[in-house]
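Just one chain follows, in the form predicted alone, and it is written as structure tokens.
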Amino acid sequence: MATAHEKTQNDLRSTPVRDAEYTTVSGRPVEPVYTKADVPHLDSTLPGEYPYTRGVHPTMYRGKLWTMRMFAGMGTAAQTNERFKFLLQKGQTGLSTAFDNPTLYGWDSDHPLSMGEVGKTGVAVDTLADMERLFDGIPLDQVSTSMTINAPAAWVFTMFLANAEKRGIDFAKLRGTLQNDILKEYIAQKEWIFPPEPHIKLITDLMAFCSENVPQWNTISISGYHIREAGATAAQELAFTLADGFCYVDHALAAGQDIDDFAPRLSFFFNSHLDFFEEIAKLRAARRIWARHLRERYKAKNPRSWLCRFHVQTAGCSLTAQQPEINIVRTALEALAGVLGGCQSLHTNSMDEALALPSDKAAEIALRTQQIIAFESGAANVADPLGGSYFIEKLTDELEADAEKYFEQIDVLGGMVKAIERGFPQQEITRSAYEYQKAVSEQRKIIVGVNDFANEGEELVIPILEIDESVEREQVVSLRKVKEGRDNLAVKDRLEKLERAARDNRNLIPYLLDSCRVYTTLGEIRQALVKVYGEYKEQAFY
């Protein structure tokens, strides 16, 4: 005999509805209505209480707003420095640095593979001299700084430290986050140098170094953002991101570190896509899963080790080149989901990012979007205002269960590194991306301005930022001057010591810092380490 809940669901299903596909962006079917029967074991904990489903702080944004950290980087270090100062003047409360493709791969701007790419998708950084220009006039001991870089993250970060040192700033006063997440590169973004194990060793080296020397710095931002941008579902983003986190924890423990020394400085980076409720539920599930595993599986004692603190960026893959102004609406909804999901910092994409790097005007509108949410919407007045919603709670439970199923599959494969080497997460994401694109092509999923509500004969009407070829010429000339003016014998000595330390399996951070102090280039350090670690070639998966 049907329960009252089942009868209600059946009655609603038999009521005429629109001819549409009622699923989330990820393809998860949703019921027409949710009731208490869908969540009989409702989590009754408060924000700031384990397992932190409702937020990592008791008062959330009543105590402190999220950091408004707009991603910025273009052209030369001097140009990006101007954008940093522009955003700070407009009310941004933290910096987030985007690097160009050569820098992300560890190539110098004068390398043949860098040709045509210098400064195009971010700022070019070759040596300490660029880092000095990048943060000139910015109080590094007062502004939290994020750097989105992975393969050469360890030595880009030591350039940052060398710059702070030259300015007389105590490392203990530096606050910020280094992305430094190589596993998601193998899964999604594809910017690596070495095989996984050497890269992970550099990450654990940095964890140990910062535990002693840079205590306020988040040594890694474990990123689901790029996994989602590659076509993952919300559940896949959640599962693969947290599985990467567990992998880093395992390696740090194997290296002899104490979990309560390094875990409080692990942070996360999630995507906020367009399915408003699914994204909020995903972020709530992430906190609960991480807290439970760190406390019960890894036996962490310090409550700060249990906290899943995260940055959120609105979904770049949701933005369209068609009718770019309506991207403002998309970004506003995604940003609100990030806030209601309890983020600690937030980047809002600009309306023109499907076309080019953000213009000043577009970046200002994106920042103003956060400020409207913070100061006008009321969303910051209550901690976890959607907690207790039957729909939100049910989605949170479902996403948590889906993630746990993925963890079991990854464990069977021998852990995340083995799973990546066998192409498991890559193939899962590929299937999801195909299913989503198929739904769009068949108009089962509507993208406004793309596969419906299009403006025929539309012409681009907004100005976009262009990085011309003079940037590359200027950067190459600047790099040549640095090489001519530095102590090249000192550079040679530091590189030899770095290579020996790598062969001896020592912690490399002090050696990288010594190399950066004498203006060794990004690419020179890369080549010294490639001699020891080799380069990674991805296996083809079908």
Partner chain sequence: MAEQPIKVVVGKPGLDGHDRGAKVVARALVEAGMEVVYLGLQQTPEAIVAAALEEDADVIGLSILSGAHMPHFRRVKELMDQQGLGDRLLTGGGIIPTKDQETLSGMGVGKLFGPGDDPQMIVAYIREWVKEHPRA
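Fair warning: this is a prediction, and the values are worked out from it, not measured in the lab. Numbering follows the first chain given and starts at 1.
One more form of this protein, predicted together with the partner chain, exists but is not displayed; see below.
Residue in contact with the partner chain in the predicted complex (any heavy atom within 4.5 Å), chosen from 170, 212, 469, 408: 469. A heavy atom within 4.5 Å of the partner chain in the predicted complex is found for exactly one of 413, 88, 115, 454: 115. The chain is drawn here without the partner chain; in the predicted complex, the stretch among 124 to 132, 189 to 197, 291 to 299, 332 to 340 whose residues come within 4.5 Å of it by any heavy atom is 189 to 197. Contact check at 4.5 Å (heavy atoms) against the partner chain in the predicted complex: none of 52, 73 and 382 pass.
Although the partner is absent from this view, residue 228 contacts the partner chain in the predicted complex, with a non-hydrogen atom inside 4.5 angstroms. In the predicted complex, the partner chain sits within 4.5 Å of a heavy atom belonging to residue 436. At a distance threshold of 4.5 angstroms between non-hydrogen atoms, residue 306 is out of contact with the partner chain in the predicted complex. Although the partner is absent here, residue 105 sits close enough that one of its heavy atoms falls within 4.5 Å of the partner chain in the predicted complex. Residues are counted as partner-facing when one of their heavy atoms sits within 4.5 Å of the partner chain in the predicted complex; in 311 to 334 these are 317, 321, 322, in sequence order.
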